[in-house]
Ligand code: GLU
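We begin with a single chain expressed as structure tokens, specifically the form predicted alone.
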């Protein structure tokens, strides 16, 4: 029995790219779960969560109940953070995004993908400096010392069912943020915890998250979590070759429904069977 999941964030209405991802996950599993990834309390809205259920039902999808909502499980993520902290694998980072960009530029490096690789500015701050900054109320993030963590686990591998066995290279993402004040648990920490708790044995998601899987394999090893297989599907692009995205204003499923589009047509165009 293969257990898959679709895990959207309620920060906007779903579009065709989300539909493809949900249908891909449903087609790959014998059990299909829905998870609401709402750790970003500054952008998540109840209306968008309600829209997720509405849009998926319109597409002919059904899922097992109850739905797991990440905001209901913050204490669990805090416990995972505490385990990593107890092993000395986390450090406080006081850098802003502008600070990181300046240091990378000064070092002659160039960021790749959607985000710059953190250069480790705060990794070796003196303990008294850190304590003084915390006491002053300075904002900070908790970062994973990836090199130190990888030394604890030794070499790791993970398996993509299409690309084959991969040597884990968590350094590709640098010292990733696992929590900050406004996000008590980052995507990276919450997703590996939830996949373990929910018994997910096949993680399906877009190729834009392929690199993140290297870090997720490291976190699984550090926290003693189950290791699933992965499948990374293609991304849907617009007519200009850009990835469909909420922030790019891609047409939502709600818009398509309001204009009278037949959901069966959408599902079949995406390469799947309509179940109603």
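These figures come from a predicted structure and were not determined experimentally. Numbering follows the first chain given and starts at 1.
A second form of this protein, the form predicted together with the ligand, is not displayed here; the remarks below concern that form.
- Think of it this way: in the predicted bound form, the ligand has a heavy atom of just one of 191, 141, 200, 149 within 4.5 Å, and the residue is 191.
- Of the listed positions (187, 94, 158, 183), a single one reaches within 4.5 angstroms of the ligand by any non-hydrogen atom in the predicted bound form, namely 187.
- For the three marked residues, 13, 250 and 257, no heavy atom of any sits within 4.5 Å of the ligand in the predicted bound form.
- Only one of 205-213, 220-228, 60-68, 43-51 places residue heavy atoms within 4.5 angstroms of the ligand in the predicted bound form, namely 205-213.
- Of the heavy atoms in residue 37, some are within 4.5 Å of the ligand in the predicted bound form.
- Annotation for 1-21: interface residues with the ligand in the predicted bound form are 5, 7, 8, 9 [heavy atom within 4.5 Å].
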